[in-house]
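We begin with a single chain expressed as structure tokens, specifically the form predicted on its own.
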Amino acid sequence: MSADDLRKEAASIAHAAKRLIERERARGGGELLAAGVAKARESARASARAKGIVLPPAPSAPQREPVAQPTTLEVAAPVVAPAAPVAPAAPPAAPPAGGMPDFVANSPAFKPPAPQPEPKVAPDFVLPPFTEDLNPSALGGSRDAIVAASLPVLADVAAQANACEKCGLCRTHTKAVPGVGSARSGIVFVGEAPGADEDLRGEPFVGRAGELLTKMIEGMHQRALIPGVKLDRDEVYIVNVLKCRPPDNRNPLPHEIEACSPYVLRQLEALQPRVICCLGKFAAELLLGMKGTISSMRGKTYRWKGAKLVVTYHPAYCLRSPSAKRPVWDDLQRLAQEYLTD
């Protein structure tokens, strides 16, 4: 083997050893391998000298600064970069008005509600300004002329109601139920529609609900709520919004009320009542021109032309809910008080 070949072989061995040392050093075994390579290199040089071949000196390995290892009592402190200045924390937002609890008001996701305008309270229902005088009472017999003038009008309305074909109820009823009573007292009770008993007899409020209404009127007379005025079914007037019975006693339909309402309005104009008592919501909604529940409409005094008007529960409702009888009696007392005052 020539000297050039030995030099190439030695250079190749040195290059391979250097790469191996670098890999093993990264793995932690570099020092051990470096010693083995140095021993092999020295052996190769000895063999070359025995053959009279001079090899170039081996490159010296770079020297590294020794790293001081901490003892068991000395732990190296980690190097920490200087911290950036921290802005002082903002004070917590005050809880919104209204007693919001702290854990909600202080929550990061909490957003105080935007201020809302004060709610507008709807005033009580007020009828347009009333200019007509109140219809006269029966005290002193001043309603004689009204009674006489009402009779032909009431008879004409009854004849028209019996012959009416404005809606389909004329094909399902037995008899029309125009109304009963007199304009003498100046008190009119307005219900909603005839029932089965009324349909058979052609007279309003003659069933169980009618019996209760009769007792209500008699109770007003017995307690002398309107002194000097006789109160019974013959002296007051009783009428319904509808003149014919709806099938199965269902509620009146809007088109039925529209077709039949001219009859009851004409009756009221002829009767010139001093007070009107609406029994149930259908009568109240028709005469007041407003929608609502009985509980929201009762307890007030309204005006309808020359009459005062109060609203109360239908006697049929009192039969289903006996507790309603007490507020009905309160409403009848209100009716009597309004009758006695102008």
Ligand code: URA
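In case it trips you up, residue 1 is the first one in the sequence shown, and so on. Please read all numbers here as calculations on a predicted model, not as lab measurements.
Omitted here: the form predicted together with ligand URA. The next part is about that form.
Of the candidate stretches 220-228, 199-207, 166-174, 133-141, only 199-207 has residues with heavy atoms within 4.5 Å of ligand URA in the predicted complex. The shortest heavy atom separation between E192 and ligand URA in the predicted complex is within 4.5 Å. A residue is said to contact a partner when one of its heavy atoms sits within 4.5 Å of a partner heavy atom; N240 meets this definition for ligand URA in the predicted complex.
At the 4.5 Å threshold, heavy atoms of R298 stay clear of ligand URA in the predicted complex, well away from it. The closest non-hydrogen atom of K308 lies beyond 4.5 Å of ligand URA in the predicted complex.
Residues of 241-258 that come within 4.5 Å of ligand URA in the predicted complex, judged by any heavy atom, do not exist; none qualify.
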